[in-house]
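Below you will find one chain, with nothing else, as structure tokens; this is the form predicted alone, and questions on how it binds or moves follow later.
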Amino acid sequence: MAAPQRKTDIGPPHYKEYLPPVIQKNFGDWKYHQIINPGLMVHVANSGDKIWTVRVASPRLLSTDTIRDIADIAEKYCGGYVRFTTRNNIEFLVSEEKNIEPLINELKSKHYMIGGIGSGVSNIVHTQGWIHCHSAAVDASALVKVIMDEFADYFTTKQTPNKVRFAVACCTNMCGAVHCSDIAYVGIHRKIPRIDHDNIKNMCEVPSTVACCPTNAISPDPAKKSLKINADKCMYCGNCYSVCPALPIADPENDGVAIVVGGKVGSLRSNPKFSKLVVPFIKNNPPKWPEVVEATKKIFNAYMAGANKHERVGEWVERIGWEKFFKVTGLPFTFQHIDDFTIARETFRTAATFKW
């Protein structure tokens, strides 16, 4: 006789435990789904069962009060079934059609922004920024706020040729999906960390600080009982500051933002793409970052005016060519845009859509 399976706290529980009963019943047996409007989608199973998704935006950083409010709403209308997407959208999974309208009305009354389904701007995935991250070169949360304020209509009502995914990473360690988003922003440091020689011996372990540098730019300085940094090797990632607080890298005069475009994760119509640099640097100008917003509008408006239906930003750029991209956007082309990185893609079959 087999021993009963004991419960442990090792690893996450199986995701199927948290699926609504309608989804569990019809798992893998769906007929179609239909986007009713940018905030509402219905999924229809071959059995005739239906379940609706109501999507709203959320900030990445949530208070406990907001999370409790979301849970209470889900409990009231969805049997407690709610999920967060990878882009920080909140999806309420409604099994009873009669609950859809009351749910939407309550969300509107509490000023939740409903939308984000289909061809349009989704919620922005971003990193911690100045709120939590000590190596941040830009305040990701604030930058997301001003960008989403500008493009909120494309989340709620207006449509784009295909979905447009924004992302913000507050430094080049890039905890966000900047490398694979349509329009994205990377916080940039431009000066090597400052060395607080007096506190190195009190706050840092020299071996671990030397080992943490990915480019081997840090080495011991026995004469000062401290560390030294090879400026030619430093790539301004700020990783050393995470290990050694006596190596601060934040610099209000030299930190800022780079803009990259054309990335995507999906394999539909074309292979996944890495984002490419289009604006090398814009100095931080909080709290509204007007220069970053203006550059974004140039890229977005050119895409809206020139893209074919179903084209992602990267596919549009590849069709018209990068020379024309810089012409229609009015962005300057500089030496930083020269891409000399090469990889034998075909030899090593690095695309997600390769065939043997």
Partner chain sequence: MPKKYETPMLDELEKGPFPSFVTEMKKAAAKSDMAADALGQLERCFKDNRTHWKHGGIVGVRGYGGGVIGRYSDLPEEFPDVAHFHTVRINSIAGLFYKSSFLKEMCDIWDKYGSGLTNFHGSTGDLVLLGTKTDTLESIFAEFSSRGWDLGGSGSAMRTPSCCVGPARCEWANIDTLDITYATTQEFQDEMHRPAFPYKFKFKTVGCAVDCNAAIARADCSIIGTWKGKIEINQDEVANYAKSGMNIQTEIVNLCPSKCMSYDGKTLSINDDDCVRCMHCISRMTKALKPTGEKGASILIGSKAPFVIGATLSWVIVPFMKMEPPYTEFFDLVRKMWEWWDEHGKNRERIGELIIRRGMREFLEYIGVDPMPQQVKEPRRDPFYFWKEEDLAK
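What you see is a predicted model; the values in this text were computed from it and never measured. Positions refer to the first chain, counted from 1. By rigid core we mean the largest C-alpha set that fits within 1.5 Å across both forms.
This protein has a second form, the form predicted in complex with the partner chain, left out of what is shown; the following refers to that one.
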Completion exercise
None of I299, V292, I51, A307 but one has a heavy atom within 4.5 Å of the partner chain in the predicted complex; the exception is I51
Handout entry: Contact residue in the predicted complex, chosen from V206, V82, C234, I100 - any heavy atom within 4.5 Å of the partner chain
Key = V82
Exercise for the section: Answer for E91 alone: is it within 4.5 Å of the partner chain in the predicted complex, judged on heavy atom distances? Expected result: yes
Exercise for the section: Find out whether any non-hydrogen atom of V144 is located within 4.5 angstroms of the partner chain in the predicted complex, and reply yes or no. Expected result: yes
Practice task
With heavy atoms only and a cut-off of 4.5 Å, decide whether K108 touches the partner chain in the predicted complex.
Solution key: no
Problem - Partner proximity in the predicted complex: N37 to the partner chain, non-hydrogen atom cutoff 4.5 Å - result: no
Problem - Within 4.5 Å of the partner chain in the predicted complex, all of Q5, Y18 and L61 (non-hydrogen atom) - result: yes
Fill in the blank from the handout: In sequence order, the residues of 30-69 that place a heavy atom within 4.5 Å of the partner chain in the predicted complex are W30, K31, Y32, H33, Q34, M41, H43, I51, T53, A57, S58, P59, R60, L61, L62, S63, T64, D65, T66, I67, R68
Practice task
For A211, decide whether the Cα shift between the shown form and the other one is 2 Å or greater, given a superposition on the rigid core.
Solution key: yes
Problem - Exceeds or equals 2 Å, Cα of S242 between the shown form and the other one, core fit - result: yes
Practice task
Work out whether the Cα atoms of V278 and P214 come closer together or move farther apart in the predicted complex than they are in this form, the change being 3 angstroms or more.
Solution key: closer
